[in-house]
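Only one chain comes next, encoded as structure tokens, the form predicted alone.
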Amino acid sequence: MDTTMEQVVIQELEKNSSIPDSGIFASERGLDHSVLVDSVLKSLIGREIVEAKPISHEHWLVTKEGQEYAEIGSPELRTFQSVGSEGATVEEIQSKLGVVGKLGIQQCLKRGWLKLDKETKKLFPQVTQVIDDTAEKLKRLSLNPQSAELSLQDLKELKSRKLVQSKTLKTFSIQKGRRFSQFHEQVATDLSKEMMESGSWRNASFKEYNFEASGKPLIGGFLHPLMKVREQIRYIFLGMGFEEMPTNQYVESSFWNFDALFQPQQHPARDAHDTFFLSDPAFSKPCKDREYVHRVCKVHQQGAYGSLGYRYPWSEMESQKNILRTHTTAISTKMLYHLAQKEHFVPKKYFSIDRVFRNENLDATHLAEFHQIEGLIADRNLTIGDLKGVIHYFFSQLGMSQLKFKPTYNPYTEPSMEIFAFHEGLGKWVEVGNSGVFRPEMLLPMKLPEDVTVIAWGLSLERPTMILYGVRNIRELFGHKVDMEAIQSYPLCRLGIE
């Protein structure tokens, strides 16, 4: 607050009891009116030292075009001067003066300065001398924007020609407030310990509380872009008739995460450099369905259902090792197993979106902890064409139509395909998922009917989010390097859901 300017206002009120117009007051004393209002008046009004009533002033400002006409003459004057006693055609005037000529002709005809001869198609002067009243009015208005010399009709005419524009300025009429006499007193804002001990609070003047004042704005929680995209993807699955799987179990046994999926125990993905193993408890309880465990063991060791298997000594102890689940396909395996135990097979469509853990090296597109989107359909007469069609439809709902499929190998699907989407921010194709048809070696030990096919796909939640939000580095989206201000400013996720 400008205390010097505040003193000037108080002294003026002590002398004359009121200030009729703050604009004139500021102009006469060389003060900045906006500073006077924002830094001084608002503070004095809040303390009830002064009262203020707004006053509106209409200013008429000459536009850039109007200033040009005030200096070199209006279009009508310049048009009239360009027409000699022999007259001139409209084309000749416009060729000479351009747009000014077109405007000038209209005004000259309106004022009766020129007249059009229909036979010769020429404009001829009707008067010998003219006064450029338009330029004169613009000059007067430039010198005094509040001038009352111009009539309202004149101002409206100049405004219609876009030569002037009106602007409302607000000033204030200032009077003494009910606490004006207390201005020179020191007003206490808080009751201090010293005031209590000395008893000075009894004679002190305290600033009143303003119970109508707005409090400090609170910063609430903000949805993370991953959660925004996750919710939209959930709506897509539900709209496609899928049922959500329970995914609240982060710790999984190797049996459901690997063995039941027909993934061999010597597979590199089951090594410590790819999977997080738990030390306490290190092992899970054996699966209660001993016949199912025996069938899984047999298909691994000896082969079954037309498969040769892997021909190695399968270890149940290895299958009981506890891990942080490496994919949500572990949940899919359990759901399919429970589906197989029903008396009559019922086609199902399942999905899940939750966190998985891999012992990855961190880079711009990889994290050790991320979210996986899983979808599967169990039904009869399904083919690889059905899988590609569902994936194309699913990604089209995400707003990503540029897809590529690449053949790949998975232990539990055959055929298998990697899914790539074009990332415009990175300017390259990025792998966003994996897919395939679950192998009989995985499904038949569960006792699913032989004519049932299961197609499935899984993708990262982070990579589609990076594509949708234009994020170049996954570590800016998830982890300790996340910019919280960016999280607050990310827009809502609007996917192309039909």
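For clarity, every value in this text was computed on a predicted model and none was experimentally measured. Just count from 1 along the sequence shown to find any residue number.
Another form exists, predicted together with ligand PHE; not displayed. Remarks below refer to it.
Contact annotation: ligand PHE lies within 4.5 Å of heavy atoms from the stretch 322-330 in the predicted complex, the single such stretch among 343-351, 189-197, 322-330, 208-216.
The contact residue chosen from Arg78, Arg358, Lys122, His371 relative to ligand PHE in the predicted complex is Arg358, the criterion being a non-hydrogen atom within 4.5 angstroms. Only one of Phe180, Tyr412, Trp314, Tyr292 comes within 4.5 Å of ligand PHE in the predicted complex through a heavy atom, and that residue is Tyr412. Using a 4.5 angstroms threshold between heavy atoms, Thr453 stays clear of ligand PHE in the predicted complex. At the 4.5 Å threshold, heavy atoms of Trp457 reach ligand PHE in the predicted complex. In the predicted complex, ligand PHE lies farther than 4.5 Å from every heavy atom of Thr465. Although the partner is absent here, Pro440 lies well away from ligand PHE in the predicted complex, with no heavy atom inside 4.5 Å.
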